[in-house]
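Before any questions on binding or motion, here is one chain by itself as structure tokens, the form predicted on its own.
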Amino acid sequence: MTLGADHDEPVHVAVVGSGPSGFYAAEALLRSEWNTRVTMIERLPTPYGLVRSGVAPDHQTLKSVILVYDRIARSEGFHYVGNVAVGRDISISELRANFHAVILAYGAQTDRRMGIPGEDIAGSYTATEFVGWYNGHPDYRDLDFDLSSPVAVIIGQGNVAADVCRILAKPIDDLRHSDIADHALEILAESKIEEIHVVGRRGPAQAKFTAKELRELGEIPNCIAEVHPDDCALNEASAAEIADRANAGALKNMKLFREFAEHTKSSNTGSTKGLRRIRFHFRLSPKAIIGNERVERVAFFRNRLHGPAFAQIAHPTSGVEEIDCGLVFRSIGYRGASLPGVPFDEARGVIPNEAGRVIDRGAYAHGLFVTGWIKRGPQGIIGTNRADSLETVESLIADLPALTRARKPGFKGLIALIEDRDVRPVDLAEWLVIDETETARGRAKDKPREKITRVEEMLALLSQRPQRPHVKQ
């Protein structure tokens, strides 16, 4: 028997991951003509992925999209199963046996490595660690960041690097009423950082900041953003890039960098005592992070750009430049991680696919789909995931006649599997208890919320509730 759009028997789809791509996929499925039931499975008790734990605390407007996801989560036919890790608590093969289709939407959870000496020395951190720490992510809650050095280096020139830079540079009073984690606020309040060097391997025309993020770095109170005037000189290919109307963001960035260069000229003639400094450097590739027991300086190769516009490559020269510092943040991009039982492209850090259909050894993996960063790589903004997820759902729906030839238990089958295991699933009602507790704690401090930063504390809060999610009929 093949189930149809007008058949009473539902189609069960599991979505692994509760970030933007997962919610947009769930929304598209629930709006389809098929009688669909969506079970969203999340490793943490809390949903929303990088919207909760990646968006900077001083960018609350970006987090308003959570209202959309909350509406989706309350839809008929939707189940949330938090605190269950696929690959640890339940296998992909078990999910495929219990659902007509599985969509992998678990994002890019690790950082790309630079592969240089000293990368893991004390005082060298990934941007993911720092962002997760100040956002209260349980995985990074207990990390220790020593901000006693006056100089920090950020390697990378994208929006995550801008977030790290801004949090380090902002006056602490500008962060107190955000949803930054209290433990981070305490450490940042004692920070001795005076200079932040933001380093990129290509030129200012290729920096990956959005103009809005870059402009913010020039507007931080009691802080001056600087660029050496010579760094604003462009080769012919770079000039062609910023002249292209389709590349308006790069032109806006160049105007800002030139403004920062004027700041540099004036700071050389006037007093900047008491100001923090953000210094942008270009055409430098990391050679080594140097220090005996912890970071003391970073050595960079000086680069030359070669190639046509929009395809320039940074080639290291024999020249070397060093920056003395006590702290390094590596922000050169996220990378997806493999999942047991799922094919993985190690070179690209994604799950191989065509239009969202997972490809395993040259053939489609029956009923297995992918969306978001783990599908296409870590690129785009939150809204980019909607079109990406729609493409995947369209592929899934096109395949449903072949996928629905047998009944599957869906959510009930998942709960039956894990109820005898050492797993404590968290349902939507329980997440709302956590949410309400966090917002109440935040109100007491004039903050949007005060996050609970340890899974154990979340579960203790829920200890009086049933330990099995309510099964909707």
Ligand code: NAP
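Note that the structure is predicted; figures quoted are calculated from it, not measured. Residue numbers run from 1 along the displayed sequence.
What comes next is about the form predicted in complex with the named molecule, which is not displayed.
With respect to the named molecule in the model of the complex, the three residues Lys208, Glu213 and Trp373 uniformly fall within 4.5 angstroms at the level of their nearest heavy atom.
Picking from 180-188, 197-205, 94-102, 358-366 the stretch near the named molecule in the model of the complex, with a 4.5 Å limit on heavy atoms, gives 197-205.
Within this chain, Gly118 is remote from the site of the named molecule in the model of the complex, having no heavy atom within 4.5 Å. Mapping the unseen interface onto this chain, Gln157 counts among the residues with a heavy atom inside 4.5 Å of the named molecule in the model of the complex. In the model of the complex, the named molecule lies farther than 4.5 Å from every heavy atom of Arg297. Of the heavy atoms in Tyr140, none are within 4.5 Å of the named molecule in the model of the complex. This chain lacks the partner; the member of Ala444, Ala429, Ala406, Leu62 within 4.5 angstroms of the named molecule in the model of the complex by a non-hydrogen atom is Leu62. Checked against the named molecule in the model of the complex, the residues Gly349, Gly82, Pro378, Gly326 give one hit for a heavy atom within 4.5 Å, which is Pro378.
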